[in-house]
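The form predicted alone is given below as one chain in structure tokens.
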């Protein structure tokens, strides 16, 4: 049955010295019977009990059960041994204090996945025998010492073990209850091997079949046994714990650590919330870049120049010389791009512009061209006419400014008078003569509509039709140049006939996109031109879009780093919390292991506890992100005038329904599992006998 062969167990006394708590113990127990193991304190009784219960391994010798060496069992069979073969009744109970009496008693049956109804029926029968049935729904921490002792005995008996080890089973009982417990153990000894460690020699000797006396780690009476070398392999059934059997443990742990779990809940909720906001920013900024950055009325208004790089002698510096392309060069360059038109650069004529509305002079505005009013993004016109042959459009920024200055509802439907004036001096190179003339232009334009556009770093603007303005320049003559050339000589002629390196040409031409459906092709055209060394296209809309893309990219890096740091923080918080909870609950863990649960199954309690927190965190995180998304967007819009920059795809992402919530949930559970499992795994070695020793 159970054999101890030359069993020895030693402990460290100090750095270099050891002492034997059990020394050369040889004994063979019968299959059933009542054994009393007694001796003075420190004689080795508890050490022998822990070795038989497999809570510790012997340093010397062998412990065999049915010729199977206990300390050589694998973890699966060792768990079975603790579940079905050996049961331990501790002097100080070692109950799960937060569970009820019935929950404690049926706990070993839950570990082996027995039917709950069977476990409860057997438990109630044992509780009746021990006269504590009335306590079955009482939480164990509220019991007296004697009541706890009887609950501990009941828990030991529930799995009907072959060997029952009782460490001072009557230590906390009065005489009447002590006799009742010993009589019960005596009755059980007819079917079980009962080993009782007790100082109550006078009481128990009456019932004991065998009395073993220990002194200084040695058994006073020895039996000469022969070591049996042929050891069988365990063929016992492997018992799995059902995951949900320990939900109550997880809930108890959760409720017993309210403050700690609240902090974890807040931190993980913040991590999930911030991750959703970051991902919403990435998604929203992509949408914004793909849509809003093109939402400029004059996106296609650009200039094109030749660039010549001039190196300065004896210097690392170099200069860029700009020059206007010839008309033939420009026509050849854009011949493959039918969606691009070009025209004269009138920037010099616009230098001294002024504009008036209701006799109020406009300040801090700029003039910009669109090719014609058929080549505009009509979606940007928020009020006013979608089609027009004349007049002007103004952006929302200018309209708001005029509303404040003039105390009007809108500038729509009013007239803006634009005046241009510039004095020119002409060098006539054929005879060295110089003449001068004054350019003057004035026209009242009807405000046809208000434009809402991407106005990041933008100024109040008035949008003129280039074809209309160009037609005006072809009809306004330069008086002195006309006299000189003896023919009508317009300001268009002046700009057109100037050489490419003269200042009045602004060293460039205007180019326009005349088909808005080709806007990305226009970007590709600019990219291809600017990739060369000798020609450059300058487009405010294109430059602004790229600048904003760079800013968004830099912000993305920052928010991604922030998200990674919050995730690392979440991992550390969950990990440290799990480790501290595991360490704090070491005694509970040792009790469960002593009942046959394995370390992986034990982890499920702590993982499940953190999963409870995670589920709440996910709920709060999603609710917070749903509530704060519009608030954050409003703040961003008020400060930067950027609309819907954060757009969390709760419903659909990549055309997959609920893709983002699914990924967040999956990833969060993975992080929680990893953060819980890893620190516990590295601290999993529990000294059962140390944790369950008498206090």
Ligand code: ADP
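Just so it is clear, the model here is predicted, and its values are computed rather than measured. Residue numbers count along the first chain shown, from 1.
Unshown form predicted together with adenosine-5'-diphosphate (ADP); subsequent notes refer to it.
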**Report entry** Contact assignment for adenosine-5'-diphosphate (ADP) in the predicted complex, among 26, 668, 43, 633, heavy atom within 4.5 Å
**Finding:** 43
**Report entry** Partner contact for residue 54 in the predicted complex: adenosine-5'-diphosphate (ADP), 4.5 angstroms, heavy atom
**Finding:** no
Query raised in the report: Even though adenosine-5'-diphosphate (ADP) is not shown here, does residue 19 get within 4.5 Å of it in the predicted complex, heavy atoms only?
Result: yes
Requested in this report: State yes or no: in the predicted complex, is some non-hydrogen atom of residue 11 no more than 4.5 angstroms from a non-hydrogen atom of adenosine-5'-diphosphate (ADP)?
Outcome: yes
Report task. Please name which of the stretches 33-41, 58-66, 641-649, 660-668 has residues with heavy atoms lying within 4.5 Å of adenosine-5'-diphosphate (ADP) in the predicted complex. Result -> 33-41
